[in-house]
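The data below hold one chain only, encoded as structure tokens and taken in the form predicted on its own.
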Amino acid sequence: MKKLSTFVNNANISRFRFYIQLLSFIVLIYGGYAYISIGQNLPTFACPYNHATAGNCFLISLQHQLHNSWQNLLGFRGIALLSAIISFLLFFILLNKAWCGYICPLGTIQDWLTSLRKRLGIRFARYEESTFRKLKKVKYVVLVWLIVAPLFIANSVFGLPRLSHDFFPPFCTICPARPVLPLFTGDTSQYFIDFSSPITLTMTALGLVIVALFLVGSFVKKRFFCLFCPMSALHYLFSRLAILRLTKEGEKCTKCGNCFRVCDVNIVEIADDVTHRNIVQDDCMMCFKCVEACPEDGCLKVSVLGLPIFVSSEEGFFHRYGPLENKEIKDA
């Protein structure tokens, strides 16, 4: 057992992650051709606008379930909504936010663009901490919008007029997954501007602008879209229920900063926080690069139901990076 533990702790988790991402991408994007169906409430962007998808993103299901009258939500539709939430949670508690780091096809595309940027020698942007904290709030605003808007479209609240149905579905209309993911099956039908009304014109045009920002932003900033992703916000709200955990033994931390330097989303708390055991933040995607780059025995730990499966170690660090400070630690 000790030999197995040493082998895992010395392993290159980034290489393992690359293959898992590739496999997940192939299954989610093309699985429908092989009649693979994983589920209708997945905690990741498995977009149904891609006709070959192997599953559906929970966010589109959530919007459709909430698009009902109060009377229906208190009846059968309410049961259907609760069932969808439970289904989402059953998927989510298995992998926690690793759905972002290992499964999400939009995340994988962003990582590929980062690799291309590295090959071209283009430096990526970094945010000031104050700017970073302001930007990360956007994901919660988007999450509230996609929850509240369907309710306000289907119902009059406080006697106010309903929102126009032209807003529906409020998030999918502007989500970059809707036009980007079908491209991989040769489908360009989602690239259009709907002139039916001023609202549809605005929303579909905004959707194309967001796609452009997704592509350009991902090329110059690691995991750019993840800063604004409502799925990531939803994950964080339930992250403490998951059986997969990333924890830190603060007394073992020397604040060398390696974990922060390799973090794709620049989470400073992973290096600075030596008080809290649970150091998963809302932008964390649980890629575990921080564990890989930590040279302190048992400082960072990945566990399932409390059982460690990948632990930082001095031996593992030098096995991966060698005896000298590696350039990848500086610019991962």
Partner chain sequence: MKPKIEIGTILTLAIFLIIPSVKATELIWLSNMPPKAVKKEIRFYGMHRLPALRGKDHRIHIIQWIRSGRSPEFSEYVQRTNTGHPELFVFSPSEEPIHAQLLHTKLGYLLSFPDGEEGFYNAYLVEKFVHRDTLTVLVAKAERLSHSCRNGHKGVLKKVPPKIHPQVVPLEIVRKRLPGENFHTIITAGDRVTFQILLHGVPLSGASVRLCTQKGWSKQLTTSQNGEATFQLIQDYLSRWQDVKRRVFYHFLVTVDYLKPEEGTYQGKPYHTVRYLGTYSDIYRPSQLMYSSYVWGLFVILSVILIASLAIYLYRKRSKIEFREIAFDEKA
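Computed from a predicted model, the values in this text were never measured in an experiment. Positions refer to the first chain, counted from 1.
Absent from the display: the form predicted together with its partner chain. The rest refers to it.
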To test your reading of this chain, name the stretch in 185 to 193, 239 to 247, 94 to 102, 136 to 144 whose heavy atoms come within 4.5 Å of its partner chain in the predicted bound form. 185 to 193
Mark F168 yes when one of its heavy atoms lies within 4.5 Å of a heavy atom of its partner chain in the predicted bound form, and no otherwise. yes
Q40: touches its partner chain in the predicted bound form, heavy atom cutoff 4.5 angstroms: yes
Is I85 a contact residue for its partner chain in the predicted bound form, using a 4.5 Å heavy atom cut-off? no
Counting only non-hydrogen atoms and a 4.5 angstroms cut-off, does F124 reach its partner chain in the predicted bound form? yes
Heavy atom within 4.5 Å of its partner chain in the predicted bound form - qualifying residues of 63 to 98: H64, Q65, H67, N68, R77
